[in-house]
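Presented as structure tokens, the chain that follows is alone, the form predicted on its own.
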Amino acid sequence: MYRLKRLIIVTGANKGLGKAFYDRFISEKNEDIIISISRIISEDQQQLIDKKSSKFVFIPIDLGQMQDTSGLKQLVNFQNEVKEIIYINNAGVIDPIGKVGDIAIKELVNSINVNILAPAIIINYVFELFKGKKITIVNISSGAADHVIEGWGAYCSGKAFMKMFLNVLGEQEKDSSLIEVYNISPGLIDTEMQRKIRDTNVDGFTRHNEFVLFKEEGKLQSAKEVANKILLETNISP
């Protein structure tokens, strides 16, 4: 059996900010176990799987299709060994972008599943499974949770939902010394999502040129820089 210091669960750890979190944690020589929940893994993560590394666990789940906890049963293996659980809710999709009435229903359903339903299910299951343990939830939020961005009806709504979901959880656990809940709005990051935003110039997305300029004017932070800031802010640095 594993003798764990911390169990660190990250969604979308194969790229962008999630990969930056993974890179930081996996580089440390400690007992932490990093679990990635996503559809795919990066090449270096696959190499760890091939080497049967005890430090990295991959749980293949398409968050866009997640309806229950059946894909998370592997977490039970750590139930009696772990001292502390950290869940970083990082995965998200920006699509669909466009006017309400023009957006594709399939993309709308996927947005709700990835940005709302899947993380809510995972968080609920973590609290059920690891009751009585120290649990830290870090939700990678966005300014879109608080500000209207025309053309981002699904994304803004999803971020607002998760922020309130975690705020309610924080209120629920306000007297517990074992529970920490963070809603972090990291600002502009140079990721695939930002590229997707720049590549989507559709009717109804009136701020498209502004996002193009963010890149051209060097206003995007690196994922590594942001990950390090968040780990310091939340006190979960390795």
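Since we're looking at a predicted model, the values are computed, not measured. All residue numbers are counted from 1 along the displayed sequence.
Just so it is clear, the following notes concern the form predicted in complex with a small molecule, a form of the same protein that is not shown.
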The one option of 183, 191, 42, 200 with any heavy atom within 4.5 Å of the small molecule in the model of the complex is 191
Can you work out which of 62, 171, 210, 31 has a heavy atom no more than 4.5 Å from the small molecule in the model of the complex?
62
Wondering, does residue 24 line up within 4.5 Å of the small molecule in the model of the complex on heavy atoms?
no
Heavy atoms within 4.5 Å of the small molecule in the model of the complex: does residue 157 have any?
no
Check residue 136 for me: does it contact the small molecule in the model of the complex (non-hydrogen atoms, 4.5 angstroms)?
no
Is there a heavy atom of residue 162 no more than 4.5 Å from a heavy atom of the small molecule in the model of the complex?
no
Tell me which of 31-39, 45-53, 171-179, 200-208 has residues with heavy atoms within 4.5 angstroms of the small molecule in the model of the complex?
31-39
